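Here we start with a single chain on its own, the form predicted on its own, put down as structure tokens.
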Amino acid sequence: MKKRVLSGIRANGRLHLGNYLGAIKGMLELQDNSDYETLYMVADLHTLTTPYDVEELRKNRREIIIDYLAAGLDHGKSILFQQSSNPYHIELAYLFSTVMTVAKMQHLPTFKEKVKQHPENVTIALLNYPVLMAADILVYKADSIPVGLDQEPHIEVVREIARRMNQDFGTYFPEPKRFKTPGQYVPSLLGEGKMSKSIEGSFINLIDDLATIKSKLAKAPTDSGLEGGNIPETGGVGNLFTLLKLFVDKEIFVKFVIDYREKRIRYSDMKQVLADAIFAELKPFQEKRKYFEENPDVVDQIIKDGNKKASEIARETVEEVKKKMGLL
């Protein structure tokens, strides 16, 4: 029997390099592995947990599906769908909330981070984000989740909920694991933290042209170039070297490392090489995306089919859980 995989990306902006390396690369690898059945969603309900623009959300729900297709996700191999089209996610999230405490949710590092970012918008939906995430995954009884390293605390919540439901009600939920990818943590261009759609200037979009990529990298902070020694683990220089390692050959990477150590680094040259390498990676994606932009009926049908398939699977799980909990 095939193992099942679920992953999704929030609909709060266009996809960027962090999404591509931290999630989509893993999605593609699992999709092409015959041992897995893969479901990939647009997490539009999760978008509601922080301030958002209604019209942008309507647009992004569709645009991210197109990005998935352009990146290589195949609707013939994977179920591609929109989270909000499936009411069973929300129903199961409520049932799961009966076994998870408020204290547990408040101590999650991701919750604390969002509270700092949006102190005036600390909603119940934000607090319950990991519970809904658990429902997203377990409603399909998924075993693996190709997401970034920062999501590990949430995956532990999913495992805890699965254990509690199995112990208390005799359900049969797996305890899923995160599927690791080489770019599981893609650093911000600003010198601190990771690339994030919610932090302007921190990311490179998958649709950015070469000039835009160069412009964004040009603004990335560096030092005098005369520091020498080991490459910093954090900060602007450290982040640039992390990105460089993800996109260029080892020989090129080592050259710039030696230049840094010997105090002859030219960051303008390094950023040029990095921009060219990133654009070369993104060009096939951008060319494929044009096809789906020019054929909206194809995209509409893919979304319709995916939404239906996902709902059929989820309905069976929710009915099973409601029986175990005494609701049917």
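Only a predicted model underlies this, so the values are computations on that prediction, with no experimental measurement involved. The first residue of the shown sequence is 1; numbering continues from there.
The same protein has a further form, the form predicted together with a small molecule, not shown here; the description that follows concerns it.
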Practice prompt. Consider Phe253 of the chain shown here, and say whether it contacts the small molecule in the predicted complex, taking contact as heavy atoms within 4.5 Å.
Written response: no
Fill in: the small molecule contact in the predicted complex: Ile303, any heavy atom under 4.5 Å
no
Item to complete: Report yes if any heavy atom of Ala23 sits within 4.5 Å of a heavy atom of the small molecule in the predicted complex; otherwise report no.
Response: yes
Discussion item. Even though the partner isn't displayed, in the predicted complex is Asp150 close enough to the small molecule, meaning a heavy atom within 4.5 Å?
Written reply: yes
Worksheet item: Non-hydrogen atoms within 4.5 angstroms of the small molecule in the predicted complex: do His16, Ile145 and Tyr185 all have one?
Response: yes
Worksheet, complete the sentence: in the predicted complex, the residue from Tyr88, Tyr129, Tyr140, Phe247 with a non-hydrogen atom within 4.5 Å of the small molecule is Tyr129
Worksheet item: So which of Ala71, Ala93, Met195, Ala220 reaches within 4.5 angstroms of the small molecule in the predicted complex, heavy atom to heavy atom?
Response: Met195
Worksheet item: Among 256-264, 295-303, 35-43, 272-280, which stretch sits within 4.5 Å of the small molecule in the predicted complex, heavy atoms only?
Response: 35-43
